[in-house]
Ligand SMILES: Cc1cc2nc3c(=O)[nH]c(=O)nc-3n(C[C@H](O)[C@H](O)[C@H](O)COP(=O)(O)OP(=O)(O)OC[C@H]3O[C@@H](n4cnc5c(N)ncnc54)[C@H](O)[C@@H]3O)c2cc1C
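A single chain, nothing else alongside it, follows as structure tokens in the form predicted alone.
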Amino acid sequence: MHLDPFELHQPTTVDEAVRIAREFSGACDYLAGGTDLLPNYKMHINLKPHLVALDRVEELAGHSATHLGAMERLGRLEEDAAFVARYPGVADALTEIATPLVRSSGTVGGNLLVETRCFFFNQSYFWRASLGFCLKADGDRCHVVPQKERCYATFSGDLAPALLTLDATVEVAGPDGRRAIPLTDLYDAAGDGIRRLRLAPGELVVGVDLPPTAAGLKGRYKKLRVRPSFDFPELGVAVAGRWDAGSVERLRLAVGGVETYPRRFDELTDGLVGGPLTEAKIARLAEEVTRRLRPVHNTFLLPDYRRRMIGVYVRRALAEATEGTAA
């Protein structure tokens, strides 16, 4: 595999990066850690002639107790003992992302925006050519659910479910200025594996902000994957909550790795506030989450197995998050 020629741009400010992206609209990608984008380029997947590298943009770097720069390296977050103690669910997710070597280059923003995946898409050019390509790259049809309208590639990030349970917000910069939106609004539930984000052309994620209420929440992230040492999620379940003498004060649950976007289930968890989280309630919650999700056959594990594991992982995550909270 090799990289085809492209022009590399190295801005030093957010405004400069956005200006370059606007100048080459439709013909450029933002380059963060490159751990996902560059392997796709090597396989000739959706190549662009211009790359806007973000590693020299100082505003995007670093983190604090309540702010994560989009270019902050995952490995640096993982090494911050105070941060991982403050957000245990995020800590779980960080340790589950790929390998230490990948985390030393991968970034917060990159993991939130990581490409959706499908075993008809993430293959060599020659393999894809033998099938006539697909909707997501070079073709006009989906091989997972045969039709020509919708891509079923699956969201493959780990950080998003964990941050969704903390009510995180993201700051976005673009040609029309800056805006702050809930992380839930970054992903398009009405989209698909191609149109998965609610970002305008040229918009850039600047950072993630965590509210004061996120500190001290009891959270967990559980991940299903084929190779525990490396793989993208076949399923990721995150929970975060607060309990008083066994009674639920707050509860959030999010699932990734199953559909084209990470999904939070407030409509199910809000009804549990104000009472004890009994084993029967956990079982009903797990069953209802499972009922609402429909994996498709685009990863290495069969959809029926992944679907059965949703309830298992919901119960495991809640059991660990609520340990020691009984009245």
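Treat the numbers as computed from the prediction; the structure is a model and nothing was measured. From 1 onward, residues are counted along the sequence shown.
The same protein also exists as the form predicted in complex with this ligand; that form is not shown, yet it is the one meant from here on.
J.: Of these, 212 to 220, 175 to 183, 84 to 92, 228 to 236, which stretch puts a heavy atom within 4.5 angstroms of this ligand in the predicted bound form?
T.: Careful reading of the contacts points to 228 to 236.
J.: Just to be sure I understand the contacts: of L277, M43, L37, V57, which is the one whose heavy atoms reach within 4.5 angstroms of this ligand in the predicted bound form?
T.: Selected residue: L37.
J.: Using heavy atoms only and a 4.5 Å cut-off, determine which of L166, V248, V114, L224 is in contact with this ligand in the predicted bound form.
T.: Selected residue: V114.
J.: Does this ligand come within 4.5 Å of any heavy atom of E259 in the predicted bound form?
T.: No, E259 is distant from the partner.
J.: Give a yes/no on whether L31 approaches this ligand to within 4.5 Å in the predicted bound form, heavy atoms considered.
T.: Yes, L31 is a contact residue.
J.: Whether V102 contacts this ligand in the predicted bound form should be assessed with a 4.5 Å heavy atom distance threshold; does it?
T.: Heavy-atom contact with this ligand at 4.5 Å: present for V102.
J.: Is E203 a contact residue for this ligand in the predicted bound form, using a 4.5 Å heavy atom cut-off?
T.: It does: once this ligand is placed as it appears in the predicted bound form, E203 has a heavy atom within 4.5 Å of it.
J.: Output the sequence-ordered list of residues from 152 to 177 with at least one heavy atom within 4.5 Å of this ligand in the predicted bound form.
T.: Going through 152 to 177 in order - heavy atoms within 4.5 Å of this ligand in the predicted bound form - the hits are S156, G157, D158.
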